[in-house]
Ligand SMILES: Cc1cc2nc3c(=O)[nH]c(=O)nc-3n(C[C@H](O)[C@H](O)[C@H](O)COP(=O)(O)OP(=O)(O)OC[C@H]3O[C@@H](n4cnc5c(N)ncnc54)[C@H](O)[C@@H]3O)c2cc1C
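A single chain comes next, written as structure tokens; it is the form predicted on its own.
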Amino acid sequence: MIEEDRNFTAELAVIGTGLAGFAASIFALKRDIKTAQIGNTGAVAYTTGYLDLLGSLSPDYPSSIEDPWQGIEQLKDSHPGHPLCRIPKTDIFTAFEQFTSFLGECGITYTPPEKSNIRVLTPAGTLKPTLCVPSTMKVGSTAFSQKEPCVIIDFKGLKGFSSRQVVANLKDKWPKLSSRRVEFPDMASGEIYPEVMARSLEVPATREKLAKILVEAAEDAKIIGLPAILGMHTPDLVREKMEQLTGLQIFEIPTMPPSVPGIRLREMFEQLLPQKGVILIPQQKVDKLVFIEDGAQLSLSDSFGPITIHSKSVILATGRFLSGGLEASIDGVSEPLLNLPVTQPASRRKWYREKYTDYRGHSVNSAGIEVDSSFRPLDSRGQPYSKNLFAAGVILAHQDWIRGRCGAGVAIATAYKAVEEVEKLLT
């Protein structure tokens, strides 16, 4: 095979293919900024599909909150360095509006951001607060709040989702909830997987077979909850067809990761962003990033040879440990691409509390890079590393997105802010 050198030119290079990276590309598209996006395996496929803004004021207050907007005001008092506290709430609202509208235009409809969180079901059958949900999941929240008769369905051979567990955890709060286990059409033996089930339900014949099974399992209930399997590319259409065939209201519940709602988002981004003009190079890692007088030069390679991208600006959205944005070693936590300083506990002994489930969380989960008011990463002197470099997402310090239930909020809001600052730089 003959290798070839490939060169691309862009106004913005987004490094990262997680939620923050894709959000940055979306916001850049809306501003007509010519964008290239590169990234190793992102964590989008591991998401539930829920878009959390702020669900808890953890680690100091473990209980969930109903009003995330008021929660941000409280967060400013206790954690003023938190990324969400550095962005006007009107901008955060606009960011969620634009992001969910884009998803809807591309075929995955979401509820718009509201003043309050929505209570939704987790794979374990517990409840969690979130701001926006796929339309395929909204009925479940409504059914719970109204305590409607409902049957949760699982399937023989499907691991990681149990209707009996969901019912056991919710029975006291949802008395008319029951469970059924059925066989998925043409998959009666052996282990079965949500992704395979979802793709099979894009075939009309499979939908017709499953509809008959669900009608029998529902008995007198008019609402059915399923693991998230309602198609991979057209979930709204699949749900509509299934409801027409059954005469029932149907909603999805996320399964254990990697789950179908996350895979849906990843595949949608990878298929549609290039059609809209983004130079997308997924599943690749940037080997070198150098800042020059008129911007930056990114170097990487794939099986066809070396790739060079010349860009006027860069957004670092490489995530945390899972995505490779941060690395942990015996010497501490580091940022591997530019060796940016990482705010972290003074020693490894202070990374974790003695009890893993301590509601206050662990100090290492708030480690990350520092940025200025324009979301430019800071160097060891506390100065912007480059006027052309910005950062977004959970690589930022002073947030524990797991405990605060704010992962999507941090990703979407900071991506919006970073792109806004890029636009100022370019004009």
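Numbering starts at 1 and follows the sequence shown. On a predicted model such as this, the values are computed, not experimentally measured, just so you know.
Below, we refer to the form predicted together with the ligand, which is not included among the displayed structures.
- Residue contact with the ligand in the predicted complex: K241 places no heavy atom within 4.5 Å of it.
- Contact between W69 and the ligand in the predicted complex is not found at the 4.5 Å heavy atom cutoff.
- None of the heavy atoms of G404 is located within 4.5 Å of the ligand in the predicted complex.
- Among heavy atoms of N388, none comes within 4.5 Å of the ligand in the predicted complex.
- With the ligand left out of view, the stretch that reaches within 4.5 Å of it through heavy atoms in the predicted complex is, among 28-36, 376-384, 363-371, 391-399, 391-399.
- When the ligand is considered in the predicted complex, only one residue from I15, A24, L12, A413 comes within 4.5 Å through any heavy atom, namely I15.
- Among the residues L230, I152, V314, A317, the one placing a heavy atom within 4.5 Å of the ligand in the predicted complex is A317.
- Here the marked residues T41, Q284 and S323 all reach the ligand in the predicted complex, each with a heavy atom within 4.5 angstroms.
- Taking a 4.5 Å heavy atom cutoff to the ligand in the predicted complex, the one contacting residue in 120-140 is K128.
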